[in-house]
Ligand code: FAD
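We begin with a single chain expressed as structure tokens, specifically the form predicted alone.
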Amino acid sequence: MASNIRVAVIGSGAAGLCALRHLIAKPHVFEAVCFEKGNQVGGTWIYTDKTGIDENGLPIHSSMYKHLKTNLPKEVMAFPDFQFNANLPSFIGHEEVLRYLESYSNFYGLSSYIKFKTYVLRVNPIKDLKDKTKWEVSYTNTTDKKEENNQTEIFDAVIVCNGHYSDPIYPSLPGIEKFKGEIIHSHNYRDEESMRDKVVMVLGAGASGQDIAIEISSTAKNVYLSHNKAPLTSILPANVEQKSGIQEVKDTSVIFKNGEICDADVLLLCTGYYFTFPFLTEKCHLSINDERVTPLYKHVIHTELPSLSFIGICKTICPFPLFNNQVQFVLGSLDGTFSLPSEEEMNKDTQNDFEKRLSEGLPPRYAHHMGPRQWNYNQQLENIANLKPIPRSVQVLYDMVHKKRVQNLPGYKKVNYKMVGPEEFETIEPV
């Protein structure tokens, strides 16, 4: 069995903390170092009123807004070995999720393995004397970034956990440069008061678009939810109206694809985020095309350079339990618990997964979207790496909450739940 495997973890959000927790559980096998550009753990769950650039000249990382509540109940969100406070409601604010991650870090003693205020500049593969791939990780102090502070360390493996909710996608809409109102991406949205008495055009009906449209309906004059999907079946507030996708933007209005015209004060873009890994050199041979990251086996392990892995690329998931499986899958491949297929076989598996999605009518940019696929995907990781299965109750509750959300966006978070076993949960209706 391999020993003394030195692993760099980039980022100390939920995925990075999970990676650290499992790495340090095997001190006879792994030596872990985590690089965190901020001064605390939590990643995207760290709320700030600020938008744009932070005090260190870096883009604000978090996309949290002030009154965000989870769209999943805490009963399914938790890492399998560390539960949320049972006294909390099922749907909790970002503050409670951050508190949970801080507690997780404290419980497992993770902070001593984290280099805070450390900005990763460069991750580059090199060959050692035995022609084995090693990794140069160059980093600097986040605060001053003086060149004399730059350092480089060598690692056997790198686990990238830098999240994918920090680099907003701004859609290219004809005429958008002529719009005289406010244009804001959801990344920079903070609270509903900023939309008081305005006519707001929300572009995109993913989770953020839906949740923000519901939230701002309490203060906005009118909210138009513009998207190209099938119409939402949920009940909606009286001042929220669905519209088709936008054909063209005028100076004070938009023209929809069906020819209808509506005035707007604000274009609120809930149009997603780019995957971004600015520290990876060209030698890492990573490609990002139409929101598809390749070549990744099981959405995690680089097929050409298998000691480079990525946690949390998948979208529309039950995140923390999935991170937990992905991390253990990666560590199992590193410590010899199981052997990876050949590069050719891994690439074939990846291509087969992608082509199956296309055959089902999904666009290429849905290469990493999971939804109902996540349960079979988790089982694949569990079978390959011999992991403890995620309790059946997590899937059943997740799927039921999704159905309730589809029917009642404004009200589904008012219900609470309680796990009563690996197969069952209780529903606690609001009084």
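Predicted model, so just to flag it, every value in this text is computed and none were measured. We number the residues from 1 along the sequence you see.
The discussion below concerns the form predicted together with the ligand, not included here.
Report the stretch among 338 to 346, 283 to 291, 162 to 170, 235 to 243 that approaches the ligand in the model of the complex to within 4.5 Å, counting heavy atoms only.
Within 4.5 Å of the partner lies stretch 162 to 170.
Even though the partner isn't displayed, in the model of the complex is L308 close enough to the ligand, meaning a heavy atom within 4.5 Å?
L308: no contact with the ligand in the model of the complex.
Decide whether A19 counts as a contact residue for the ligand in the model of the complex under a heavy atom distance cut-off of 4.5 Å.
Although the ligand is absent here, A19 would stay clear of it in the model of the complex, with no heavy atoms inside 4.5 Å.
So, S105 and the ligand: in the model of the complex, are they within 4.5 Å at any heavy atom pair?
Because no heavy atom of S105 falls inside 4.5 Å of the ligand in the model of the complex, the answer is no.
Although the ligand is absent from this view, report whether T350 comes within 4.5 Å of it in the model of the complex, heavy atoms only.
Residue-level check for T350: no, no contact with the ligand.
Partner-contacting position among Y100, Y224, F323, F329 - heavy atom within 4.5 Å of the ligand in the model of the complex:
Flagged contact: F323.
Selected contact from F256, F279, F354, Y113, since only one has a non-hydrogen atom within 4.5 angstroms of the ligand in the model of the complex
Looking at the other structure, the residue within range turns out to be F279.
Go through 6 to 42 residue by residue and record those having a heavy atom within 4.5 Å of the ligand in the model of the complex; state none if no residue qualifies.
The stretch 6 to 42, when checked against the ligand in the model of the complex, contributes I10, G11, S12, G13, A14, A15, G16, F35, E36, K37, G38, G42 at the 4.5 Å heavy-atom cut-off.
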